Every structure is written in C-alpha cells, then in structure tokens.
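First comes one chain, alone, set out as structure tokens in the form predicted on its own.
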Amino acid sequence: MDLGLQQKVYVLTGATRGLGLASARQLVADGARVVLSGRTKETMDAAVTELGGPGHAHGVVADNADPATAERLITAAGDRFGRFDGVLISVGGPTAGPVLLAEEESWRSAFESVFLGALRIARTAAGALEAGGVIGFVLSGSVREPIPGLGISNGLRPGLAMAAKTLADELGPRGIRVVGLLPSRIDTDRVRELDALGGDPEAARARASAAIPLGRYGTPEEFGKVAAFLLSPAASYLTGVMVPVDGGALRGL
C-alpha cells in the first residue's frame, strides 16, 4: 500500500534513538523527509547520517522543555525542506520510582518536558499546519493502566492524552488530525534500563513477556511502522485515537 509519504516533511522530537529514530527510519524509507531534535550534536549527527544525510534529514539540537524549541523546530522544517506536514512528539521517560517518594522537583521538571513542552510543540505545530496535517504524540500504555514503579509517568501521560483528544476536537474542523501511540514493552534502551532496576533484567523481561499475549517484546521497527502509517495520508480518517502498540498487553478495550 502506498502511504502517500513522498516528499512529505515531518518534525520528530527526541528522535536520535529509540522509538523516535525508528519512526524516522520508516518515514524516510517511504519517501518523507524529516527534521529531528535531540539533546546532543553527536547523537544528532549520527542519526542524520544513518537516515541518508542532509537530503533526507536535518537535525536540531534542542530540549522539549525549552520554550524556544517549538518555534525553532517548525521553522527549521520550512527553511530546510520548504514545507511542514506533521509532527511526532516524544520525550524521554521521567525518573522511575513510586509516587510517594518522588521529589517535587522531579514532578516539576517532568511536567515541563513531558507535558508542557509537548503541548507547546503541538500548539505551535497547529498554528503552522494546513488541512491534511497531523500531530502525533508518543505516550505510553500508562495512559490506560498504571505501570508499577513509574509514578510520575503514570501521573502525567493520561492528562496529556486527554489534552490530545481535546485538540483533535478543536483542530478537526480545520482538517488537522491528532493521534496518540501507546507503546508498552518495546525493546529500547529505556525499557532495558527499567528492566535492570530490580537487579535481574533477564527475569524482569521474562515476567513481562509472559504477560503479553504475543509472548515477546516489540521491536522499535514494529513501532515505527505504526507511527509512519498514523502520520501518513493513508490514515486520513483517523483522529482522536490512542493506538496501543503493545502486543495485546493492555487488558481493556
């Protein structure tokens, strides 16, 4: 199936590794061009090279929590590639730990990047997009079910999902779509770090895999394919949806 991604231009935040980079790979493979953000020049340059160089990808060193980031990224898409068709907003996971032990400063800094930074980028993107544009949020299965040991994430991501759902209502009349992705156990550095917190990552992975109907962790490539579809014109009648990419791990409908 042709996803209609040829010559489309997308901004992807936090895309020098993991799910963001996997999504960028699939978009570029299907003919799109991408603007990536990340926190260091070294990782950014490596990602741009992997994606085929300046003709396919452009990197901007930026932090989602910085109020200037949103405008810089959207402007870069137009300046570098001459158009802007959508954005995929993802951020690193907040500090792990229970709600009762999380310091106020941890909540505050996570809110700035996970919630407010993401919302700022979405609002800026909405101001620049035309009909057919799309705003995507990389969220988490914690939108629907709390994940043990991730108190801050459990607290912030459901609220961001509801804000995204509201944005879908607000932007729909302009022909702009808003979608969310809910990854669960995808085999990324972040998930491996979480598995290692208890001291026996192999046992943690085995327990988690046993609770997934497909019996295994997903790959970043599998996630990237879903993200590319949701961002593409092929998904033109999908908005306001939160799509689990979890091998069936979420138990609710």
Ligand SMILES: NC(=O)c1ccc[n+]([C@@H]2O[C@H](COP(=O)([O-])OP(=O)(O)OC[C@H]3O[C@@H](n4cnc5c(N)ncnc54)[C@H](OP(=O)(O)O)[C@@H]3O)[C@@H](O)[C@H]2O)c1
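Sequential numbering from 1, following the sequence displayed. Predicted model only: the values in this text are computed from it and were never measured.
The same protein has a further form, the form predicted together with the ligand, not shown here; the description that follows concerns it.
Residues of just one listed stretch (131-139, 166-174, 98-106, 75-83) have heavy atoms within 4.5 Å of the ligand in the model of the complex: 131-139. With the partner omitted from this view, the residue of Lys225, Arg185, His56, Arg205 that lies near the ligand in the model of the complex is Arg185 [heavy atom within 4.5 Å]. Within 4.5 Å of some heavy atom of the ligand in the model of the complex lies at least one heavy atom of Ser113. In the model of the complex, the ligand stays beyond 4.5 Å of every heavy atom belonging to Pro146. Proximity of Ala118 to the ligand in the model of the complex: non-hydrogen atoms within 4.5 Å are absent; the residue sits far from the partner. With a 4.5 Å cutoff on heavy atoms, Gly155 does not count as touching the ligand in the model of the complex; it lies far away.
For the stretch 92-106, the set of residues having any non-hydrogen atom within 4.5 angstroms of the ligand in the model of the complex comprises Gly92, Gly93, Pro94, in sequence order.
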